[in-house]
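Coming up is one lone chain in structure tokens, specifically the form predicted alone.
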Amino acid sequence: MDFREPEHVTQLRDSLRRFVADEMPREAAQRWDKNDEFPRAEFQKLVALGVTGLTVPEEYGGHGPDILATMATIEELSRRSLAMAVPYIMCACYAGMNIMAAGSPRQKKTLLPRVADGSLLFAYGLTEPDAGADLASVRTRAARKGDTLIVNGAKRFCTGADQADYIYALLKSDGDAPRYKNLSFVLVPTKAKGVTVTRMDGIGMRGMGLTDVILEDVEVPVENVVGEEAGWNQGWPMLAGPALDVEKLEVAAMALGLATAALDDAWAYAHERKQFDKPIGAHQSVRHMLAESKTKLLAARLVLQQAAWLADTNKPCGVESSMAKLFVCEAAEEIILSCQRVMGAYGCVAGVDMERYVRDILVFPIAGGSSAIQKNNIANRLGLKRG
């Protein structure tokens, strides 16, 4: 077995690290976090590298699909700032992967070139005030009226909806159909009349923050149903499809990037900080924390890499993506909290990157399906009997 990363992915990482050093200095990342702002100008410079085309086939102007390279991009951006990693995901993954997997030929032809050129952002509209893990119970409705859908309801925790072009919304499309056969995905324009987006102030993932979305008699063309007519009432199979499996890997890649950054900072601090006439890295308690963190980081990287390889080669990865999301996010939280302890009080001060890593990582065992949900997914998909 060869566990080495493909050469083209390693070369991509090198390019991204140069980009991060030049265009995403630590001071800028701290400012984006403090102001909760999307660095659109810097994002356009990122687009010029071609990375938003990593999920788009060449026939639509992209360079992909290449899941391993996409995950590497997410990780490298997350090492410096989620304010850049999240909009990248909203473009390359939320828009690119979902339209590639479930869009109609017309939707692919129209939308995928906009993914490749970085001009299209999707926000997920899944969760509702009364529907979190139980997505089959969404209440937001889409009523057909000729060639128009009338959408009413509310979506919650829609990351970046105030910056997105469309909300990739899971809607109840048939009130009389059985459960799981009454849902559709619809592209709801965020600028449409009747759409109200309110920013929420979260502890982490700032820059592309959480929003509440109210939908009041929003008129959407029927052609905005994902998959068009063939996609009507097919939302549940789409939800269980490959794009949503890879979403778990996207979350894991962000967590891995954060953990890598935290460990880099703590490792350097352990060499520089002296106590009792020697670097703190010479003290056994610190050495053990860092050694354990290095081990967990390697394990997390391998778990994510294997799941991404399965997705990249079009092999089933539902179990492995849930395992990766569960393990990487939990391990990353443990790593970052250990690294904060290595830095002591300095790891708790606003304006120090470690404090931001801690706030950010607390989101990830919840985002993209909680750890408890992933455990249920794993048990269910592996056939563990309930009784």
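All figures in this text were calculated on a predicted structure; none of them were measured in a lab. Throughout, we count residues from 1 along the sequence that is shown.
If you look for the form predicted together with a small molecule, you will not find it shown, but the lines that follow are about it.
Exactly one of the stretches 224-232, 275-283, 204-212, 301-309 approaches the small molecule in the predicted complex with heavy atoms within 4.5 Å, and it is 204-212. Comment: the small molecule is not present in this chain, but in the predicted complex one of 363, 16, 378, 9 has a heavy atom within 4.5 Å of it, namely 363.
A heavy atom within 4.5 Å of the small molecule in the predicted complex is found for exactly one of 158, 72, 218, 97: 158. For residue 367, a non-hydrogen atom is located within 4.5 Å of the small molecule in the predicted complex, even though that partner is not displayed. Within 4.5 Å of some heavy atom of the small molecule in the predicted complex lies at least one heavy atom of residue 126. Proximity of residue 132 to the small molecule in the predicted complex falls within the 4.5 Å heavy atom cutoff.
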